[in-house]
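In the block that follows, a single chain appears as structure tokens, in the form predicted alone.
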Amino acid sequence: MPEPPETAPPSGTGLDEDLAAPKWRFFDEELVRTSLWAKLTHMPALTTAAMGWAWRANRSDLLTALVASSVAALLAAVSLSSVTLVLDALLTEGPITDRVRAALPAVAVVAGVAALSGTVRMVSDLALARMGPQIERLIEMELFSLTTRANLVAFDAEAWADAMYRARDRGLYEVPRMVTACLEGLAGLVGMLSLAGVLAVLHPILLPLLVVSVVPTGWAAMRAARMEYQTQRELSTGRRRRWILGDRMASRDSAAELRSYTMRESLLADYGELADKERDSMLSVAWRQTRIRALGGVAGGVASALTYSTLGLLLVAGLMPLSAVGTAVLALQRAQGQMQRLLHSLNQVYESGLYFSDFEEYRALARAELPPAPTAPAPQELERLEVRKATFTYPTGEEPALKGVSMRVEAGETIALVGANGSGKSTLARLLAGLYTPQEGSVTWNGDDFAALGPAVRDRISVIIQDHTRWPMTARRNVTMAQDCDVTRLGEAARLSGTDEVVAGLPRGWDTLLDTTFASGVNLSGGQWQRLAGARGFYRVADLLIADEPTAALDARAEARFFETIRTHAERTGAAVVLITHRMASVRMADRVYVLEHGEVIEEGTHETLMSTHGRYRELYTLQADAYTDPASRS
């Protein structure tokens, strides 16, 4: 029977390059080549870490599972000892009725032990089943507690992104498996020792026979498991890509473009190529596993023949009674099963431990990115916000995004930030919102540094951004961004932003779920979503409103209304406004305009002042104004 060939992708497809192992799979080679001894030496530390989380999740369930699994393993040895008594009674001389009657007490013991063992195992399984969800919840809450508190700039770092992906992808879900594997491994070890004790009582020579009988089976099981594990790891990237392609071929979001560009045949070919590679790899590993298991079976047969021959010699020589030989055969058979379970548990503990260490690594990174405790009193109503010679560089950037920028925002003012794409406007807005901290210089609120005020300063700032999040929540929650709701403020925010018109057309009004992946959910257009994002900004009671390209998806009429609304909102609430937009006609109302280029403020002043200086602002404004002017009127 020939081994299935590996199927190579057609030349020029780039499939092998596309499916190269990503960075987060750097444990794969270590898992494949790590020896059994290395796994044994790592077990104590891994077990302690996992058990620590289980203890915090529910110590009662942990202790119950620990005691119950150990007791169940010990009862197996008691059951074997009772079998010897049964065989002794049945194999003695005399009428069969007398022998059966003599064996009944031992049979009752065997039955009772079996019933008790089953009950104890059921208790252990229940405790383990209860612990899994509790551990996952505890660790998930820990993860998201860190992701939601960490400084925003951390999300721009490659190392952070990789660590968070690994922690969330596998790390946090491996702990329950690891705890289960630890307890099963402990039970297997207790079972092996108890069986060894039974064999030692029957005859000392049976202990080496135990080793001889379980080694071939254990070796074959470990080799076969390692082969499958390695293959699964090699296929994981291809499987992930195949899943993504399948999702795109069946998704509503991509259905229109798939048909517009007639992508069906190409996508099916890509999907089939990936599926063929996975099929051929699994056929290949199945064939190799069969050969290993066959070799282990042959070696196990030889070992079994040696074992039973030794037992026969002991029986013939009168060194062991027939009942003890029967018990020994049962013990050796059970030991082989225990060894397989023990090796499987050991592999699971080590594998899960490596992924669990990803979670621990991410926790360390995240704790280093948590904002320090505030050292200044809670911020009061805004009088003056000032940026002083701020320089900011992204973790992956070679050049600063902002270079020595200085600006100010007075209470009640409207400030506009203008400039080309990449000039640093949005980065500066994030500094003003307290989301980024400059590496040099400072940002102050009424003279207090943002770093000293801590996250509390964000409670006084409202933000409207172009790339807003479309939360899978109701329309109401997408505006209030909280569970509670001030109906008066909600109505006013909806009226100012035009969201009231959007909600009026929804089937359940404010209670409509805005996510089509759920049965009752609906979808909104880009402009409708932009209105909801505007309502978020207006709903919040804040001293400062930052609007970053708030009208990119709005039509001309809605855009004009929105900018007028911002002015009305500022006048009514007394809030300061920082406006970032490419619509130059909309910045004329600003009290002051800052023009940025390559991360520096190159001009500042009122619209009239900047238009009179014939600088970059005038150039940008004139270019846009000319685009709306009839060419005939310019000639």
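These figures come from a predicted structure and were not determined experimentally. Residue numbers here begin at 1 and follow the sequence given.
The protein also exists as the form predicted in complex with a small molecule; that form is not presented, and the subsequent description refers to it.
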property: Which of 194-202, 507-515, 388-396, 539-547 lines the interface with the small molecule in the model of the complex (heavy atom within 4.5 Å); result: 388-396
property: In the model of the complex, Arg531 touching the small molecule (heavy atom, 4.5 Å); result: no
property: Contact label in the model of the complex: Glu140 to the small molecule, heavy atom within 4.5 Å; result: no
property: Partner proximity in the model of the complex: Arg166 to the small molecule, non-hydrogen atom cutoff 4.5 Å; result: no
property: Contact flag, Asn421 vs the small molecule in the model of the complex, heavy atom cut 4.5 Å; result: yes
property: Candidate from Thr231, Asn151, Gln466, Thr480 lying within 4.5 Å of the small molecule in the model of the complex - any heavy atom; result: Gln466
property: Listed residue that, although the small molecule is not shown, lies within 4.5 Å of it in the model of the complex (heavy atoms), from Ala401, Val190, Met320, Met249; result: Ala401
